[in-house]
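The chain below stands alone and is given in structure tokens; this is the form predicted alone.
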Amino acid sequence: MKTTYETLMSIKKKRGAGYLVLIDPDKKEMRELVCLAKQCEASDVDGLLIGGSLLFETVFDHCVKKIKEAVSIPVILFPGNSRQVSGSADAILFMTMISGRNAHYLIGEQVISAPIVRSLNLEAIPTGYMLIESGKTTAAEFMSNSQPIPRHKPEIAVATAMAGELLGLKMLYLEAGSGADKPVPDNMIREVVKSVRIPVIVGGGIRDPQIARDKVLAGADFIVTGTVMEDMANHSMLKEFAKAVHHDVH
């Protein structure tokens, strides 16, 4: 049986790039979250990420369980802190914030959550989280108390990505942040992708299918949208996003 990581790699190989939707349990009621998850699967989305910078609700595990029961596509945790862990998910992006200099998000939260992840026998995908300047202070930047990589300094992003790969991480996540004014620059994506041999996820500030397409053409292996799908009026765009991401770029 394939691991979730192997499934993601199969998607990338088959479709050129994968499309993931981030679901934040704090943003909607349970019924709406499950409805969105079902719409994602029906619209050719490749997988779901669940998590957020904060967590006001105390039913995280219940939320993950209900979403997992509703869909057959991979359900992967995207934790903003060590409380966002659930054995109901298929896997967890076990992230370390390699772009910052705050030790708590580099290794502190990971030490707290590691015994829980291991006890749940939850598949962990080691991921280097790189916060990129987006034009305004995002929740991720504020909560992590960490400066993002300047968007006009691709060389810093490249060196950081290289370090993550050499440390043995399996994926890199270039993130402009929830509700970002500007997405990760295409030239930064190109330079990072050229410098490493591990998959690169790109998210934050991607509000329309053309932007998603541009990121794929720049080399992104996976595209994530989140905030744009919090508005039910935009759910009709799911198929457009999937088509833009999956379209053969070779």
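Numbers for residues come from their place in the sequence shown, where the first is 1. For clarity, every value in this text was computed on a predicted model and none was experimentally measured.
Keep in mind that the form predicted together with a small molecule is not shown, yet the notes after this line are about it.
A180 is the sole member of A161, V75, M171, A180 with a non-hydrogen atom lying within 4.5 angstroms of the small molecule in the predicted complex. Remark: C63 does not count among the residues lining the small molecule in the predicted complex, judged by a heavy atom distance of 4.5 Å or less. Residue contact with the small molecule in the predicted complex: V224 places a heavy atom within 4.5 Å of it. Not displayed here, the small molecule is approached by L22 to within 4.5 Å at the level of heavy atoms in the predicted complex. Between 200-208, 37-45, 187-195, 64-72, the stretch whose residues reach within 4.5 angstroms of the small molecule in the predicted complex through a non-hydrogen atom is 200-208.
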